[in-house]
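Listed next as structure tokens: two forms of one protein chain, kept apart as structure 1 and structure 2.
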Structure 1
């Protein structure tokens, strides 16, 4: 999506009063925390405001952009040292981070760089709102991501519990270990769980995608009798509460001898993944230009060729994203597999669930960290591939 025409606003030095005021407010805000932690909030506010305002004045009035780099490093060093004195090693890290932020913030505010990316006609209020909105969104992203980040250091816990030990908080190497990772790679149970997950999820995905894509193509034809009802039935695995599905499949699959078999778990997971495939593929097909298939037929291609040469490449993104959803549904599914599976089909989530119930061990967190790592790699790869293919097609990204 194109941004509004960007007019580079000349950077200029803001009035010192404005810069110092804004920076002092930020300083006061952080000073409050440091102050209360050290005993007096008020002193913290005053000192924080004063120090930050002083630094801002120093930078704007005397150093200017010429010595910006030197100033920033100085601030980082200063606050890192202060942090080390107050709070030891964690303080050093926090202090350095804050110093880096402050150095950037002073120049950002003082040199009016915050207007650089915005249309020049915006009023002050609008600029303020623009950035407040970003801060709010930032906070929501923090909410989304923090729990996942918190889990990672805990997976290196030397203890057998889900708690930050005092040794960990003081960055004592004694408090950290790789034992839970070793446990994951050496334990038969975890390895067979991983194997099971890697058998069940891909096959279930394959089933869901192949059946689902065909049906989605059928559903997107202009005249389908009973379309509403069919759609409702196909979507139902997504809307029926999982516990009901699990109980129903459990009783029914027991009766027909599928309970406790790979086939049973795979069929159940495929059924759960189908709605995602249907939804994503029909969504892609809505924008599909029908004249392309007709053109292909006109040029003598049979329907199979038409499907694979014309239709498939165009709806492929929808198929892939539906497949990814189906895969993750199976890969992360615990309720159904607990009921439909048996000891031989223990998947990773099953192993995690019994782990959480019966014997809490950070091995679960180690597994989670590995999986998150894999997801990050996957997501980035997909993104890089997408950009490359866009470049190759000559489309400008963004």
Structure 2
């Protein structure tokens, strides 16, 4: 086992100018947001840079590592108090968090701790890129996750607003309510949409898993002619824009009488889910030992018995993963159902789209929070199954 917290490069005190400059930049960035919220971004930048640079000089020049813990707690208290005076309870929380980060960041930079886990031969540019890459990835993650984090607390808003009320910002219990969740479970329109989604998505998933698994097993055979072309055709619904697929399905289904029917929507969603099943099952079959199927045949088992008794247990994690992806795709899809379905097949995403376009209701936020929770649970299951599959195939040591 690898020893945690291995120190490869010894720490040292960096020049004060370097430490103060880097910390001042971080303070200016934070001050930009605080100053903008108070009406002057420039003042926020200047004050943030000056205060943080001063604290960095105090820590490195006078206190050192002997007073590190006391300094960090003092910075947390200082910024928590400042946040309380500026923004109340929310400001106190944000200020305390930034104070904790700043106290850690000052010593991380000033004592050269950022090099502790890095090889000593790395140049300054390589060290900069090492951390810049992580900052960029973190910024992208924050950019993607922020809308979800905003929607969740808004779904508990006691008022019919899509913004944070003063009561919510002050953490007043009067500002929070489950009224939008009650509206979702008591509304006939929302419950009808939920019922349609719970009918269409599981059946579409079952079809996608059945056809996708069979296609993946067939295309994994080396003797199948043109399997690369067939694979490209089968996974094309993932590549072709949904609006094009939806328009094509609309004209085709209209001619054969499937437009505006449950069967049409189910088949359309199954077509969208099949590529996910094919990809996950094909990836699982990469490590499959084909001598097992030959041994089963030599012992007298027919192909069906061999599939269910020998092959299926080994590829089951991939099948379930593909099925979960197919279910999420069907449950969250709105473009196809707008073209192929009718008012009788109005699904949950369709009802959300209608609510945004025709009547702005915060109930949409409650529904979105529920869907996010379902998606998180399903994706967590997929990850657990992926790790289990790797262990079964001997690809993971853990």
Partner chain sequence: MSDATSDPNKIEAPTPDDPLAQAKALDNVDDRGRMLAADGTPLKRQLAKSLRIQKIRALALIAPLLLFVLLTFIAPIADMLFRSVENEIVSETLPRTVEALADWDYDSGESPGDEVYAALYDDLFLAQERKEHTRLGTRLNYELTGVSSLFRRSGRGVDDIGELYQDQFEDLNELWEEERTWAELMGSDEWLAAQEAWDEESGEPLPDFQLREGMPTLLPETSRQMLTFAEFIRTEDNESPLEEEPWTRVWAALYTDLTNKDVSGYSGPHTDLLQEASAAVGDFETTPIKQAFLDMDEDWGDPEVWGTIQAFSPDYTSGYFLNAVDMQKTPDGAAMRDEDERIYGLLFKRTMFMSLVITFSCILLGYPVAYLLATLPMRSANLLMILVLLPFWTSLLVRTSAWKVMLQSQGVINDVLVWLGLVGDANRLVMINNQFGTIVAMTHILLPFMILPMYSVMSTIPPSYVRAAKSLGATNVTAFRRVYFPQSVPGIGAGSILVFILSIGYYITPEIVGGTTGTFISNRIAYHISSSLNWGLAAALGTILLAVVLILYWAYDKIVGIDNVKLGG
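Positions refer to the first chain, counted from 1. Fair warning: this is a prediction, and the values are worked out from it, not measured in the lab. In this text, rigid core is short for the largest set of C-alphas that superpose within 1.5 Å between two forms.
Structure 1, not structure 2, represents the form predicted together with the partner chain. Taking 2 Å as the criterion, residue 107 counts as shifted between the two structures: its C-alpha moves by at least this amount when the rigid core is aligned. Relative to the superposed core, residue 68 shifts its CA atom by 2 Å or more between the two structures.
Relative to the superposed rigid core, residue 30 undergoes a CA displacement of at least 2 Å between the two structures. Comparison between the two structures places the CA of residue 97 6.3 angstrom away from its other position, after core fitting. With the core fitted, the CA of residue 50 sits 13.9 Å away from its counterpart between the two structures.
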